[in-house]
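Okay, here we've got a single chain as structure tokens, the form predicted alone, with questions on binding and movement later.
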Amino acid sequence: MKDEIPKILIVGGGLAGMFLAANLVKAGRRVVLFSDPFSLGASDVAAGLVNPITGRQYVLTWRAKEFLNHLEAFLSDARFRALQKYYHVRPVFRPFPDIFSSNEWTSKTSSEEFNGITQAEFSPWKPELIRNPFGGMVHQKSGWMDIPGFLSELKKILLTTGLFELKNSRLPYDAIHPESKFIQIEGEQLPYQHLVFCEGIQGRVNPWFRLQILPLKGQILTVQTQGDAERILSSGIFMIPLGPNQYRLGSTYERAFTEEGPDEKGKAELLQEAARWWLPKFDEVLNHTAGLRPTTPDRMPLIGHHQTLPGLWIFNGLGAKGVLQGPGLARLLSEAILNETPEILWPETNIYRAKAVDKGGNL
């Protein structure tokens, strides 16, 4: 059958690739997505935390309110409402470590930009479970996503449209012919209009985009312990309630590591960090995973197109904020691709910015 609608190819089936595929299919475009079944990406093991507050300095995440609106809009779309069961809206409780932090954070969050985002509590919350003599901050616009379940369901939804084709295989770089806009695979030529690399950490070796994509190892535990805390807890690490007496504990932030998988050092670090403020003992570690997040030197995403091969695009560097930033950035990128207007992409994510380009290579 003649295919009259030019195909858009996506390499990578994590959050970036799937959010982008969903937007393109919504626009009526044919999408072929290549997902390597033997490559364990960050989305396969991530905890899926959404927290609008970043870091020890207690600042609002870049464009947090805008991204939260995009996430809500995506999950409210009639085509994707079945995905709502994978996103669990829960407030985050961040204990004040001392009276100085109580005063500093309360002062910072008194500005208008924090309206509807944070609320201070000056009395201990669940002191039988949590060491928080000064109280803490409550983040209202937060939650967590079951990412593997979400991605699996989203693929099923897109497959029912007749516009989405899933290739559970790796697309080798030498199969791509960007000058002529086709790929040579399984003895056949597949023409495309646009090809978008959403490869995560694999993007470090992409021959067309020589960018600084830095691996940040994160380890996560699922633990059994006594106590029911309905809120997500955050103090150096996070603790997500999964069910009765069961929590997800994470994550480490390891720039230097010798092995990519989970290790005893990471496990000990997480348990010791949590024990600073979680009072019940941990009865059992039920699961221990690790993954490599794709990050950048300035912690900003990488979104753009190749200067001399305009059919090639990249969407990478979401780091630990794939759930929060993915829907909004995918929507913006899909508009740029469909209208062939890369100039609408935000300058903060420009792949040609100084901190993005690999010092050893050129775009």
Ligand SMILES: Cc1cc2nc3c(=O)[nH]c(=O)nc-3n(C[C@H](O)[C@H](O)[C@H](O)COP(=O)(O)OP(=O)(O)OC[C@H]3O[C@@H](n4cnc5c(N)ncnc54)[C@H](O)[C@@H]3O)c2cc1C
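Numbering starts at 1 and runs along the sequence shown. As the structure is a computational prediction, the values presented were derived from the model and not from experiment.
This next part talks about the form predicted together with this ligand, which is not shown.
- Of the residues given (P178, P97, G218, P241), G218 alone sits with a heavy atom within 4.5 Å of this ligand in the predicted complex.
- The shortest heavy atom separation between H139 and this ligand in the predicted complex exceeds 4.5 Å.
- Put simply, L292 is close to this ligand in the predicted complex: some heavy atom of it is within 4.5 Å.
- Though the partner is left out of this view, S169 does reach within 4.5 Å of this ligand in the predicted complex, counting heavy atoms only.
- Although the partner is absent from this view, T61 stays clear of this ligand in the predicted complex, with no non-hydrogen atom inside 4.5 angstroms.
- Site residues L190, Q193 and S334 are none of them in contact with this ligand in the predicted complex, judged by any heavy atom within 4.5 Å.
- Of the candidate stretches 28-36, 298-306, 334-342, 66-74, only 28-36 has residues whose heavy atoms lie within 4.5 Å of this ligand in the predicted complex.
- Residues of 320-353 placing a heavy atom within 4.5 Å of this ligand in the predicted complex, in sequence order: A320, K321, G322, V323, L324.
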